[in-house]
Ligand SMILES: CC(C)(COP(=O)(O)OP(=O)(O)OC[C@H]1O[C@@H](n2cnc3c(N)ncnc32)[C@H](O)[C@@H]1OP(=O)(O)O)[C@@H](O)C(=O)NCCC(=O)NCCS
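Quick heads-up: it's one chain on its own, the form predicted alone, in structure tokens.
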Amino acid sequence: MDAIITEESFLDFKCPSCGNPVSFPQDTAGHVQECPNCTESVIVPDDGSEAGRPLPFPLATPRLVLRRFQPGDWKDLLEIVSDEEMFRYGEGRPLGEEEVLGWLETDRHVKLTTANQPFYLGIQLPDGGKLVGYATLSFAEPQRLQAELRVTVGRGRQRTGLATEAVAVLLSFCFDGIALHRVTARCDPRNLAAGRVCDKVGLRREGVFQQDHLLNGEWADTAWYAMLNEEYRAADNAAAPPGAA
């Protein structure tokens, strides 16, 4: 029996960064890809547009702006990550000035499509205000259809709803902006505040891994949360006012 050969359909459009023509498979529509010409991240059009879309940064909420790190952020960032209490329930350790400066220098070269690298966004108060935290997106596989998100807010701004606001806008970016299939988050079950944030934004608690990692010399548990694109859509539709399109 002869093999059946099918021709894969491609989408042709222009990169919004360099203006050069690019082509990606049909099944990448709505997802983020790397332009082969300028290596910038581009969202493949899913509506027949002649040009792709750039990443929609900064992301804004009524009380926050999520944006890429800037060199001048190091003092605010150092204030957050040098606090030992911030690592009570999380991986890592407090960082010093040189480590923060090195982090910012490395991050300057990271794009959303950079393989095996977490993508960071600073969480800033509006109107050029203080950096009060940061968000992290880590992709689970090369296709970039799944991601784990984390939000860290400095102790002085915790329990104010800012973390919930930041996670909510990140979920919108992940599902509405780059059409991810699944988004996950995790926390130590003893971190009740982090668990409440996950609950508030509608992340589904999938289970707890018992004593799956060492934390400060002791075995600790990990609570895993997740949301599928279809769950996000259902919740969004349920929240829409009657008669909304």
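From 1 onward, residues are counted along the sequence shown. Because the structure is a prediction, the values reported are computed rather than measured.
FYI, the form predicted in complex with this ligand isn't displayed, but the following is about it.
Arg144 versus this ligand, in the predicted bound form: is there a non-hydrogen atom within 4.5 Å?
No - in the predicted bound form, heavy atoms of Arg144 and this ligand never come within 4.5 Å of each other.
Please tell me whether any heavy atom belonging to Thr152 falls inside 4.5 Å of a heavy atom of this ligand, as the geometry stands in the predicted bound form.
Flag for Thr152 set to yes.
Does any heavy atom of Gln158 come within 4.5 Å of a heavy atom of this ligand in the predicted bound form?
Yes, Gln158 sits close enough to this ligand in the predicted bound form that at least one of its heavy atoms falls within 4.5 Å.
Is Ala194 part of the interface with this ligand in the predicted bound form - any heavy atom within 4.5 Å?
Within the cut-off, so yes.
All of Cys18, Ile43 and Lys111 within 4.5 Å of this ligand in the predicted bound form, heavy atom check
No residue of the spot touches this ligand in the predicted bound form.
Out of Leu137, Val100, Met86, Cys174, which one falls within 4.5 Å of this ligand in the predicted bound form, going by heavy atoms?
Spelling it out, the residue with a heavy atom inside the cut-off is Met86.
I need to confirm a contact call. Of Val169, Ala163, Val81, Leu131, which residue comes within 4.5 Å of this ligand in the predicted bound form, counting heavy atoms only?
Of Val169, Ala163, Val81, Leu131, the residue with a heavy atom within 4.5 Å of this ligand in the predicted bound form is Ala163.
Stretch in contact in the predicted bound form with this ligand, which is absent here, among 47 to 55, 212 to 220, 65 to 73, 185 to 193 (heavy atoms within 4.5 Å)
Single hit among the candidates: 185 to 193.
Mind listing which residues of 103 to 139 have a heavy atom within 4.5 Å of this ligand in the predicted bound form?
Nothing in the stretch sits within 4.5 Å of the partner.
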